[in-house]
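Only one chain is shown below, in structure tokens, and it's the form predicted on its own.
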């Protein structure tokens, strides 16, 4: 019996998406691999960004993948946790800044 909705073994099957659309899968994976090459940002920095985004979008597959990739590229536990905190701060801030929308609406209704 599966203990979670997300089966960690499915991460290894990501490439299987090509089975239902090889051309688009090839385009995606080529682009994806290019994105993570060293450029203005190092591949390690890109993995830390991806780790933070993974937490912001709450993708368990991505969290597993980018934790592993970050470690393989030399990121420390402290750097990874700092990236997670950045994601938390942005996510929390995004919720709070939308409070301005609530305040604007409430002020209009209560005038």
Partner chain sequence: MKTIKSLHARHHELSDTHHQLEVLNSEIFTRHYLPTFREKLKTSGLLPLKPTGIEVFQMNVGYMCNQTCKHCHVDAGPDRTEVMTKETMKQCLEVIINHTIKSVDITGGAPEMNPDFRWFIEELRKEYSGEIIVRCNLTIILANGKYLDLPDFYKKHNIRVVSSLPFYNADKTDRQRGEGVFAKSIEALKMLNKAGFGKQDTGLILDLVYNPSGAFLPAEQSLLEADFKRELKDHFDIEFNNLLSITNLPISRFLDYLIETDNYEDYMEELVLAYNPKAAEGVMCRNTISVDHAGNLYDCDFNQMLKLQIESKAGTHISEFDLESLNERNIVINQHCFGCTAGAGSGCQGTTT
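Quantities reported herein were computed from a predicted structural model and do not represent experimental measurements. Numbering follows the first chain given and starts at 1.
Heads up, the form predicted in complex with its partner chain isn't pictured, but that's what we're talking about next.
Residue contact check for residue 12: one or more of its heavy atoms lie within 4.5 Å of its partner chain in the predicted bound form. Using a 4.5 angstroms threshold between heavy atoms, residue 77 counts as touching its partner chain in the predicted bound form. At a distance threshold of 4.5 angstroms between non-hydrogen atoms, residue 71 is in contact with its partner chain in the predicted bound form. Heavy atoms of residue 46 never reach within 4.5 Å of its partner chain in the predicted bound form, leaving it off the interface.
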